[in-house]
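Given next, in structure tokens, is a single chain: the form predicted alone.
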């Protein structure tokens, strides 16, 4: 009997329940029956498909990865593996369909304490597996699918495939960013990742141009403002706290010591960014006001999640923002993702189409 196929996502450690609930709901909307599997603190979640009798390749396009909030990566698991220590590569190759054409191979581990212990083994298997697949003429860079070998231990793993247009382009689903020495705080990486993850390349070229204007709510000490300034965008920084002196010396930042929840801009701006620490529903309400009153064309903001019912709170906040946009007859694009540089939070983009 053939092994059931499974969708698998990587996620932030501790968010497996949210990831598997989201994955199961997305599958149900597509009429795909099955059951979820989520081991706490594993860094991944799985939905086993129980009534699929078709070839796996057609399933790679059904579930839209970009609409998943808690998923860093999306793939289809085609085999669970028991790996002999002496020749793991041969066992992997033996479980591959012979007609599978690959553009890339990734030997990966989850972003958990246990998973990171397997990093050296992953690196050691990468090149031998690539060479074996080249010898079989299954790997030709630039054309085909991506093969994932997710190691769950030194003796076990999962073999999956993903389509480059419906999955993360990064190993382990993680964008590795270097912290700029000039940045005032490490929170700067969150906005940098948000631009790379929530906007397409074409949108970044169109929406992040020198000479644009922005407001940064909860700006101190200036980590998010730094990302705007480095792109040539002038910033009004709203916070009662101090802004980094070097950032102020750029001449592109105006600092106002006022409350971010009551501040109203003097004129319309291109961007509003917000990393205020407050109840997510309160932040979402303020973002809805900014968008519905046409104070900003594009918004990126963080929702700090509660300890319980985190996914419910995200859905509640997104529904609030979307309702405000629709009631204002605004054609909008709403995207949300828990980024690698986020913690117990979700980052949201809201923009005009």
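The structure displayed is predicted, hence computed values, not measured ones. Residue numbers count along the first chain shown, from 1.
From this point on, the text means the form predicted in complex with a small molecule, which you will not see here.
Here is the short version: of 167, 139, 198, 238, the single residue with a heavy atom within 4.5 Å of the small molecule in the predicted bound form is 238. When the small molecule is considered in the predicted bound form, only one residue from 219, 75, 71, 228 comes within 4.5 Å through any heavy atom, namely 219. Listed stretches are 127-135, 76-84, 182-190, 92-100; the contact stretch with the small molecule in the predicted bound form is 182-190, by a heavy atom cutoff of 4.5 Å. The closest non-hydrogen atom of residue 115 lies beyond 4.5 Å of the small molecule in the predicted bound form.
With a 4.5 Å cutoff on heavy atoms, residue 120 does not count as touching the small molecule in the predicted bound form; it lies far away. In the predicted bound form, the small molecule sits within 4.5 Å of a heavy atom belonging to residue 275. Residue 260 belongs to the set of residues with a heavy atom inside 4.5 Å of the small molecule in the predicted bound form.
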